[in-house]
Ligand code: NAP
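One chain comes next, on its own, written as C-alpha cells: the form predicted alone.
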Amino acid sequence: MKKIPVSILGATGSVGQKFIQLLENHPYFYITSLAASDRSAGKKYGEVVNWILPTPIPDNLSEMIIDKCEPNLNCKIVFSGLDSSVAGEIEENFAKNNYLVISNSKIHRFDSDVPLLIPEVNADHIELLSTQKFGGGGIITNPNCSTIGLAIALKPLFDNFEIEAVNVVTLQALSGAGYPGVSSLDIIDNVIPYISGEEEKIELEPKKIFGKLKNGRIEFAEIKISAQCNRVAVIDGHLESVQIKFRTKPEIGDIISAWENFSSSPQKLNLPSAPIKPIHYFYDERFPQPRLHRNLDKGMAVSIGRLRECSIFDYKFSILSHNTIRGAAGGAILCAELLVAKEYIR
C-alpha cells in the first residue's frame, strides 16, 4: 500500500511529540509537515521543540521547517494535538478546506455530527462523517484519556449484560497534565483530588460512545456514571477503581470470560496499532500496576484485575491504561487506521 501523507498540528507539545514517535516507520502514514504556533513557525523543529521523550527526534523531522496551523499543508489527514484554547477554530478551518482532522481536543467531542471514537467500541459511529457540513473534510475526536480505558473495559459488559450504574475513582498520571504539567512542590508527597473538567467528561462521554446511531444522529445511552478524579505521582498510566451495578447480576466467571474473549473491529482488520488482545485480565490481586503493565501490547491494551463482589454495588475492579498512547496519540492513530481500512481515506 502506498503510504498516506499526514501532518501534525501542535507538533511541539507533548501530544504532538508522541504522534511523531508513534508515526515513525508507520506502515500506513508518513509525516509531510509539522505545524505549531506562529512563534515557532519558520524555524527548524529540532531547534524549537523541548523534546521530552526517551527516543530521539527522527533526523528528517529535526530539520523540518515548522508551518503555521493553516490549511495549506501537503496532506489529507491532520492529527491535532492542539490545546483546547485554540483548537476549535483551527480544526474547523482545516475541515472546511477538505482535510480530515483527528483531534485530541475536547472542543468538538459533543458536536452532534462528530464521532467520539474508540475503534473497539463504536466503530460504526464513523458514519457520522457523511452528515458533516465540511464538504470533503471532516472531524473525528478522541475521548478523554480516562474515558477510553473505562469504555473499553465496559464494552464487553455492555454487550453481554445490562449495566445500570458505574462509580469510578481515577488515579491519573502526571503526563495527562501535559508539559511542564503539575509543579513538583504540588505533587511530591501528595495527591491532588481535583482535575479541572475531568469528572464531567468521564460522566458524560461514555453516554455518547455507547449511544446508538440512528438516522444520522446518536441517541445517548442510558447509563449512570459518577466519577472522582485524582492526580498522582506516576509518570504514565491511569489507574481506575470501578464499582458497577447490573440490572441482573451476572456471575464473576461470566464477566471475566467476556473480558478475556473480547475482540473487535481493529483486531479483525489487523490494524497496525491495534492490540492483539484489547483487554488483559490479571488474577494476581496485586495487579494491574502502572509501572508493570502500562506498555502492554504497544501501550494500547487495557489491563483489568481485582474483580470481586461489592457490598454497595454488584462488583468492583481495577483498570489500567496508558494515557498518552491508548488515551491520546495512539488512540487517534488507530482511528485513522480504521478509516483507511473502511475506505474513508484512500
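Note that residue numbering begins at 1 and tracks the sequence as displayed. Note that the structure is a prediction, hence the values are computed from the model and not measured.
The discussion below concerns the form predicted in complex with this ligand, not included here.
- Task: Evaluate S273 for contact with this ligand in the predicted complex, applying a 4.5 angstroms cut-off between non-hydrogen atoms, and reply yes or no.
- Result: Close contact is absent here: in the predicted complex, S273 is far from this ligand, nothing within 4.5 Å, heavy atoms only.
- Query: Would I118 sit within 4.5 Å of this ligand in the predicted complex, counting heavy atoms only?
  - Reply: Contact check for I118: no, nothing within 4.5 Å of this ligand in the predicted complex.
- Message: Does any part of T147 reach within 4.5 Å of this ligand in the predicted complex? Heavy atoms only, please.
- Response: The answer is no: T147 has no heavy atom within 4.5 Å of this ligand.
- So, in the predicted complex, is G197 in contact with this ligand at a 4.5 angstroms heavy atom limit? The answer is no: G197 has no heavy atom within 4.5 Å of this ligand.
- Message: Which residue, P156, G81, G138, P266, is the contact with this ligand in the predicted complex, using a 4.5 Å heavy atom cutoff?
- Response: Going through each option in turn, the one that passes is G81.
- Just one of A165, V191, L213, V86 has a heavy atom within 4.5 Å of this ligand in the predicted complex. Which one? The option sitting close enough to the partner is V86.
- Query: Out of 86-94, 253-261, 110-118, 216-224, where are the residues with a heavy atom within 4.5 Å of this ligand in the predicted complex?
  - Reply: Residues of 86-94 come within 4.5 Å of the partner.
- in the predicted complex, which residues of 207-234 put a heavy atom within 4.5 Å of this ligand? Going through 207-234 in order - heavy atoms within 4.5 Å of this ligand in the predicted complex - there are no hits.
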